[in-house]
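We begin with a single chain expressed as structure tokens, specifically the form predicted on its own.
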């Protein structure tokens, strides 16, 4: 196990799922942590658990779609620790639906969090990370849905394609700037988290739970597909071990489920051949 004693690891979306497990595994490796999430209750539980184990932890509660809050989180982190070694720009949400029926508010929510949340993290942290003038890492969480089209969740797929390509551009611009910051992008397939319950933290001003669409057969059948998939997903502990190992090996595209590699190759071949998209076999 690599020694992370004295390293500063920052994680958004740290109260649940992969973010929480990243915090646990880095704590076990000796790192100091700066954690953020919109979920105040579960973030407090994580903080208490890690501090009880002797880990130095600071936390902040905010929505990553709020840039001013992200900027304040960055300033708090650098003021407390003086540096950042690893920044996991991880917070994300999901929705399902048909493009022409799904409420537009679903689209706004997903892009505000999954795309602009990544942008906000980059803008708030990268300038200070560059000024450190030492090797450090930013790791953005996208999805296998940023490499393969999945028919069940259009807003999620579109947002993850955006976050993946954004991460690619970030890496190129860091190279152009001769920065010592390196970027990575995580592209997991289904992991056994509680991502399917993220609606509970959705801002009420952009969510009408009584929208008629959420009572339709189309929505309920798509939600059933999502829920049944997550229940049998890869254990989060296994996924996070793969992620940390890939960062240590300087792998840019971090793919947790190699079973989908042939489908990614087939998609690229289909683009070159001009064929119509086909469903991914599961």
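Keep in mind that what you see is a predicted model, and the values were worked out from it rather than measured. Positions refer to the first chain, counted from 1.
The discussion below concerns the form predicted in complex with a small molecule, not included here.
K.L.:
Out of 192-200, 122-130, 171-179, 74-82, where are the residues with a heavy atom within 4.5 Å of the small molecule in the predicted bound form?
P.N.:
Stretch 192-200 is the one.
K.L.:
Any of the heavy atoms of residue 167 lying within 4.5 Å of the small molecule in the predicted bound form?
P.N.:
Residue-level check for residue 167: no, no contact with the small molecule.
K.L.:
Under a 4.5 Å heavy atom criterion, is residue 91 part of the interface with the small molecule in the predicted bound form?
P.N.:
It does: once the small molecule is placed as it appears in the predicted bound form, residue 91 has a heavy atom within 4.5 Å of it.
K.L.:
When the contact criterion is heavy atoms within 4.5 Å, does residue 64 count as touching the small molecule in the predicted bound form?
P.N.:
Yes, residue 64 is a contact residue.
K.L.:
According to a 4.5 angstroms non-hydrogen atom cut-off, is residue 39 in contact with the small molecule in the predicted bound form?
P.N.:
Residue-level check for residue 39: yes, a contact with the small molecule.
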